[in-house]
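Only one chain is shown below, in C-alpha cells, and it's the form predicted on its own.
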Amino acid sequence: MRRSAGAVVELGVPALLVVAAALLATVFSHSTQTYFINALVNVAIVVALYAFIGNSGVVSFGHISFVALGAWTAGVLSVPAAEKPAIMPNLAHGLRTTTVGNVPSLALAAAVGAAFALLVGLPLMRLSGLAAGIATFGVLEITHNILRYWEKIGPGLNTFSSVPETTGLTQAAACAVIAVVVAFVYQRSRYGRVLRATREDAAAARAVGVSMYMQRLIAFTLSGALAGFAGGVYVHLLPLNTEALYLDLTFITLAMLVIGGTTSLLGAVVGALAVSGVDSFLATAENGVSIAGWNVDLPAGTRVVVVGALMAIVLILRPLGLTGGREATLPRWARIGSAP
C-alpha cells in the first residue's frame, strides 16, 4: 500500500506540474501562450534526455540529433503532397508522394528516433565517460550536416514551411505527460532499476552478471524514441531549420536537466519549466519589454549568458540540482502513518 502510494506521488507530481503549466497558460493572451507551449515541448525533450542520462549516468551530447530526425520525419510526411514540389523540389519520390496526419507523423517520428538511436547505440554504448560524450557529439555533427545538405530527405538549408501547426496547448501538454509517463514506467521497471544500479556501482553490477552494454542500449533506444517524438511535436509548433535543432538546443536542454536535477524525473520537469520561463523572459527582454513602468532592453545573447551562469551557480551551490536529484515522496507524517 505504501509502495503504491509512493509511486502515485512520484508520477503524479511531475505530471501535475505539466498540467498546472498548461492551465496557467490559459490565463494569458494567445501570443504569450506560445511561450508555455514551447516550455511543454522542452519538458518532453528534457525527459527524453533524462531517460538515458539520468538512469545511466552517461552524458550524451547527441540527443538533439534524434529530436532533429523526429522533426524531419514528421515535417516531411505532414506537408501536403501538392505543396512538396515547390518547397522541397529535390525530395525523394517516395517522400514526395506520401502525406500522413498529425498522430501518425508523431508515431513515425518516435519510430525513426528509436531506430537511429539503436543503430548508433550498437557501437557507442560500449563507451563511458568523456569518450561517450565526444562520440555522441560526433553523431550530432553528422546528423546536422546530413539534414542540412541532403535535400533528398528534407528542405536542406531552407526552413520547413507548410507543416500543419497542430501543436497547441492541449497537444503539447498531452505529449509532455506521455513522455513523463513513459520515463516513469521505465525507471520503475526492472530494466530501469538495473541500469541505475550500474550507474551507482558498475563493478558490483558486473559481478552479479548484469550486462551494462545491453541495459544502456535499451535506455538509449527508448530515449531516442522519446526525443524523436518530441521533435515531431516541435515541428508541428513552428517552422524549423537545421540551426534551430543544433548546438543552442543541445546546450539549453542539457542546462535544464542539470539545473533541475540530473538523476530524477521530477528534476527534469522542474528544470525544463523553470529554465524555459527564464529563457522566454530574457528572449522577450532582448527585444525590449516594459516592467512596472521600467523599459528593459537587454543586449542580444543575454539569455545564453544568464542560463550558463545559472547552471554554474547551481552546480556550485547545489550540485544535485534544484530537486537534489530526488523524486517527489510522501510527506513524513504519511509515511509514518502507513507503516505496518
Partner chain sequence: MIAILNINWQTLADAVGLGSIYALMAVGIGLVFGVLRLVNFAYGQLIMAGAFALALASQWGWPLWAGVLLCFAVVVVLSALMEVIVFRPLRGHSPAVMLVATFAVAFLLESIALIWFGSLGKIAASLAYLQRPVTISGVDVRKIAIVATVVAVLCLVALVALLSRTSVGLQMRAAAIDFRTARLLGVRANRVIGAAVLISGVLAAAVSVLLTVQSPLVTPDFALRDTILVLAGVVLGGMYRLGSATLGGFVIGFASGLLGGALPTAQSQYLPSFLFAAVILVLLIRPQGLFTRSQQQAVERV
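Positions refer to the first chain, counted from 1. Worth saying up front: this structure is predicted, and the values here are computed from it rather than measured.
The discussion below concerns the form predicted in complex with its partner chain, not included here.
Sole residue of 212, 182, 124, 77 within 4.5 Å of its partner chain in the model of the complex, by heavy atom: Result of the distance check: 124.
I have 146, 309 and 315 flagged as a candidate spot, so tell me whether each of them has a non-hydrogen atom within 4.5 Å of its partner chain in the model of the complex. Every listed residue reaches its partner chain in the model of the complex, so yes.
With the partner left out of view, is residue 324 within 4.5 angstroms of its partner chain in the model of the complex by any non-hydrogen atom? No - in the model of the complex, heavy atoms of residue 324 and its partner chain never come within 4.5 Å of each other.
Does its partner chain get within 4.5 angstroms of any non-hydrogen atom of residue 191 in the model of the complex? Contact check for residue 191: no, nothing within 4.5 Å of its partner chain in the model of the complex.
May I ask you to check whether residue 83 falls inside a 4.5 Å heavy atom distance of its partner chain in the model of the complex? Answer no; every heavy atom of residue 83 is more than 4.5 Å from its partner chain in the model of the complex.
I'd like to check something about residue 278: if you look in the model of the complex, is any of its heavy atoms closer than or equal to 4.5 Å to a heavy atom of its partner chain? Looking in the model of the complex, residue contacts with its partner chain do not include residue 278, since no heavy atom lies within 4.5 Å.
Would you point out which of 66 to 74, 53 to 61, 268 to 276, 25 to 33 contains residues with a non-hydrogen atom within 4.5 Å of its partner chain in the model of the complex? Looking at the other structure, the answer is 53 to 61.
Heavy atom within 4.5 Å of its partner chain in the model of the complex - qualifying residues of 130 to 154: The stretch touches the partner through 130, 131, 134, 135, 137, 138, 139, 141, 142, 145, 146, 149, 150.
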